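Single chain ahead, by itself, as structure tokens, in the form predicted on its own.
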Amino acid sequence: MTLIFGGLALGAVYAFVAIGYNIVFISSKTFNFAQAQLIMIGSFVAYTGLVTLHLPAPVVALLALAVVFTVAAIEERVAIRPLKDPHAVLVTTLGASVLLDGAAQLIWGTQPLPVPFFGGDGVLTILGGRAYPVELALVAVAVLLVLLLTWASKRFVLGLALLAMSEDREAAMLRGVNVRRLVFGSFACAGALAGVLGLFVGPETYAVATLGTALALKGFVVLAIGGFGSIPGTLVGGLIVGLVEALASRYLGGEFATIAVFAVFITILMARPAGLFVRTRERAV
């Protein structure tokens, strides 16, 4: 069970990245390649707030939310809004991710920084296995976040407007949906969420300038396994990737972990090309 807890916690981290990708994808049909870097910035802000400034955890959460919200909002205004071609958006967000990596190295250095978990670091014994409180918190937050976003997308007008945009952007505009404002809001909210999640991801991975690059690729694998646009799919995809990586590292060796993840990824896509939670729709021509 110790191995299972570790794999589920790792999968929850990947799911956080994929959730951010999905929030932006649903609103704009494009990807923010810098989403994993936003979580990295959140982890560094958590380190600064908890270790350097000795602030209480709720204040650090608000600080991380504000900082990463601002970074994501600036990214949308500078790297997204001026462009019309979605392919160009992919390039500019990739450039933003490189810029954030460099800025993190300049500000916080290249050494991994330990981020304390506000829930304690004592080892817990559960179902015969051992787990740290942050591992249990990561899984719980991932499940609650997916349930909350799924419920809100069907319950509130804002969520329904985003779903309408994902189905037909022009039709949504004709119905009075302010597409530009919602796209900006989606980028900024995904950033704010990444900032808060940095308090949970940092204690698991350390705050390090290579964290964004390490999480970005696995986040896309999770997104493809679950299905583009599916919030529940990100949770299932993340847990699959996390468990496969943990089990492969334990029984095959660390050098086979990524190979095992991509073997499972290809197998799932061969059976379900659109992902586990998205159906391929046929259109009559």
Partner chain sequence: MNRHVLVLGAVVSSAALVLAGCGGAASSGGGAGDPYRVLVTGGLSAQGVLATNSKTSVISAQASADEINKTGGIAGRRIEVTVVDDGGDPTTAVTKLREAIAKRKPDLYLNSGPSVIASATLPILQQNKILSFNIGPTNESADPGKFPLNFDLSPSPTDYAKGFIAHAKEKGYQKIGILYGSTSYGASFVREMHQALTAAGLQVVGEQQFDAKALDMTPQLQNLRGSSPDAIAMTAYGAPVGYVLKSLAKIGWTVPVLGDTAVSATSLVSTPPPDGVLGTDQVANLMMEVFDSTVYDPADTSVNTAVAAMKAKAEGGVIPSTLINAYNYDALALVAAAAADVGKADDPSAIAKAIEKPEVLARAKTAILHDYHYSATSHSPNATADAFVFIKPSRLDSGQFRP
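Fair warning: this is a prediction, and the values are worked out from it, not measured in the lab. Numbering follows the first chain given and starts at 1.
What comes next is about the form predicted together with the partner chain, which is not displayed.
Checklist line | Partner-contacting position among A131, V146, A188, V196 - heavy atom within 4.5 Å of the partner chain in the predicted bound form | finding: Selected option: A131.
Check: Which of these residues, V139, V183, A79, V208, gets a heavy atom within 4.5 Å of the partner chain in the predicted bound form?
Finding: If I apply the 4.5 Å criterion carefully, the residue I get is V208.
Check: Using a 4.5 Å heavy atom cut-off, are S28, G219 and P273 all in contact with the partner chain in the predicted bound form?
Finding: Not a single listed residue reaches the partner chain in the predicted bound form, so no.
Check: For T258, is any heavy atom within 4.5 Å of the partner chain in the predicted bound form, or not?
Finding: Output for T258 is yes: heavy atoms within 4.5 Å of the partner chain.
Check: Quick one: does P112 come within 4.5 Å of the partner chain in the predicted bound form, counting heavy atoms only?
Finding: Within the cut-off, so yes.
Next item on the list: Give a yes or no for T70: in the predicted bound form, does one of its heavy atoms lie within 4.5 Å of a heavy atom belonging to the partner chain?
Entry: Close contact is absent here: in the predicted bound form, T70 is far from the partner chain, nothing within 4.5 Å, heavy atoms only.
Check: Should E75 be classed as touching the partner chain in the predicted bound form when contacts are defined as heavy atoms within 4.5 Å?
Finding: So E75 does not count as contacting the partner chain.
Margin query: If contact means a heavy atom within 4.5 Å, which one of 103-111, 147-155, 168-176, 88-96 is the stretch that engages the partner chain in the predicted bound form?
Written below: Contact-bearing stretch, as computed: 103-111.
Check: From first to last in sequence, which residues of 210-246 have any non-hydrogen atom within 4.5 angstroms of the partner chain in the predicted bound form?
Finding: Residues within 4.5 Å: L211, T213, A214, L215, A246.
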